[in-house]
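The data below hold one chain only, encoded as structure tokens and taken in the form predicted alone.
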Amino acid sequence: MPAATATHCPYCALQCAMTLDPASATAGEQGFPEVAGRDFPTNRGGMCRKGWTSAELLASPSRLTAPLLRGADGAFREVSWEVALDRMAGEFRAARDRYGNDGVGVFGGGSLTNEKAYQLGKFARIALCTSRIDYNGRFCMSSAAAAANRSLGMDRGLPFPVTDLDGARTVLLLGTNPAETMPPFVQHLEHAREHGGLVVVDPRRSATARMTDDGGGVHLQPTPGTDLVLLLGLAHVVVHDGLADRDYLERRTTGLDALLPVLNAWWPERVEQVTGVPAALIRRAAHLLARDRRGTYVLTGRGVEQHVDGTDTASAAINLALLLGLPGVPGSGYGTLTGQGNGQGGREHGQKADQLPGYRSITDPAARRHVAAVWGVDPGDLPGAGVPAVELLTTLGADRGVRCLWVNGSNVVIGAPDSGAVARGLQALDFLVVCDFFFSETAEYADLVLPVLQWAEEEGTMTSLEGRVLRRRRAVAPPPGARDELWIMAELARRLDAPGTFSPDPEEVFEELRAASAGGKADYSGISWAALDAGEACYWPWPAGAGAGTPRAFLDRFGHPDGRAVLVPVRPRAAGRAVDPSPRPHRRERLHAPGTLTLITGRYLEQYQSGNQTRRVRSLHEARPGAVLEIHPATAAALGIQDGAPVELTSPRGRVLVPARLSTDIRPDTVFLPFHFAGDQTANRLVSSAAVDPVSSMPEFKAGSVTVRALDPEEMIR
């Protein structure tokens, strides 16, 4: 084992470079490797608090080190791996025999390495023969991915290197708060900020929105769920004020004639009535975006995508970028900020219900033939498309639903919408298996819990938000009882007499992934393990035989057969219903009913996703020990809520109990709640799974309706 190992942070998709040194004097004192920032284009040696403390989890006393099997009395007991895997394979067989192949389901995660994500999709389809596989990225990137595929012909979060933003003069940030979610990214926005060119769209005055103060740019604060209308208003100004790049539109796009009638209906004054954003600010922002279109970028995040119209909203952002002539032009562009560590690679190679490796459609006969040949099976033996995550989770335990579920790298009891119903579905299963390195809230419902490796104990590859494939390297030895998921799949495949090969070696799996992805949109076939080890900049697509990868996509053509981008005409909808087109006054202080407010959920700087990791790091926990409701002072006064006092949030799905924090950073008609916490603070108990985006199947995470009331301290205790 080398004294120091060059690797990358286990958290977000920025994948900050770091060095782990288990042999340093400091490491010897603290019991886990010393972390040092490493000079790398995305982070340049910097990291956020989560990255600096990431190694502490390698020595956590909460670590799982042996398989846990629930007995008839409901208690967990340690068992051998032989017993655990025999039982798991037996339960899989029994469920398939009794309910059919789709009686078994697999749920993956955006934190798995490319090799694990790839082999998990392969295992589901040829070892289990089930179509029922999806992953938690469905709740993250699915709307942005669907929009990029239909407009640009390819989904790569940032189709340019992050460092291209260093020279930007104007950056539109829609529904993203990188100052708290990926702080090292902010350094790439400084040039735009210095030129007064940050345009931030967010219902909250977030840390990123505050970067627009003192001449840094413009903050647009729309009513939650009206981002699509705001984007139509910005595009209206671009077209009607003569700011569009007509030459670019003629050469590189189709669909302008169909888009213009939609834009005509959304002039700034009308947009103000729906969004609450002053018409003058809309015009100012549009002109700012067009002032130097060779230095302008449009970037979206979950805030505008996690809606029932998230795909259309992301499409509207792409339309705006195309009208300005940005995508595929050096020094400008459109992109979306991927969230989870391998959110990009995790959705490219087979975890999604409708995809095969290389970002291929599972319903495409040519794609099925190619992948089946690599796997050594008949194309006809591959199942068809499955169902997206929401549908998979809402049918758990049902007569025609999944009856035996395997969860990998995901904590659905915290992260899924209507999480109370998800928990009840897990209880209704015949058998639940959870792979994790800590005993998560989802593991509490399991029949079998399998201890797996943490990031610094494994080998593999990850794909960052800019489409760059990176090496994850083992820096420390895992606990004796923990096992790699690749090994688990290989052992299960043998027990299930699965066709093909299932290697436990990540380099061998990567070689097979290269072959399976060859010719697909996400083509990794030209990327070698040796090139990754040498630190080459390996951006996909990189077809075999090509001299280099593609750091900047779309320079010559877009991903559609004719090489052109598509302007997609989209119309506003809210909560699954069309927006009322009649003008009406907008009153920011108006509440729909006493105590009824719009809930938006999001992240804290110190916590990550479901908190299963970060809530175990003492310094992070002490900084953010629990959820706090952010509410405007005027709204709080009307409801009799004091700063720091307990409040109850309810929706038709459940309730949450948290203290309140009064802040003028939030709109009076809106409240904000982080989603990292468990028990009575689980924000996603309130979120509906009933309505989803018709294209991406994204639930409405960012504009739910809740009732808020003050609680007596005694009620909080009860």
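Note that residue numbering begins at 1 and tracks the sequence as displayed. Just so you know, these numbers come straight off a predicted model, no measurement behind them.
The protein also exists as the form predicted together with a small molecule; that form is not presented, and the subsequent description refers to it.
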{"query": "Touches the small molecule in the predicted bound form: E459 (any heavy atom, 4.5 Å)", "finding": "no"}
{"query": "Exercise: Y608 in contact with the small molecule in the predicted bound form, heavy atom 4.5 Å", "finding": "yes"}
{"query": "Proximity of F677 to the small molecule in the predicted bound form, heavy atoms at 4.5 Å", "finding": "no"}
{"query": "In the predicted bound form, K50 touching the small molecule (heavy atom, 4.5 Å)", "finding": "yes"}
{"query": "Candidate spot G225, G301 and F437, all three touching the small molecule in the predicted bound form (heavy atom, 4.5 Å)", "finding": "yes"}
{"query": "Proximity to the small molecule in the predicted bound form, single hit among S131, N612, S332, T253 (heavy atom within 4.5 Å)", "finding": "N612"}
{"query": "Listed residue that, although the small molecule is not shown, lies within 4.5 Å of it in the predicted bound form (heavy atoms), from L165, V452, V509, V237", "finding": "V452"}
{"query": "In the predicted bound form, segment of 378 to 386, 202 to 210, 314 to 322, 640 to 648 with a heavy atom within 4.5 Å of the small molecule", "finding": "202 to 210"}
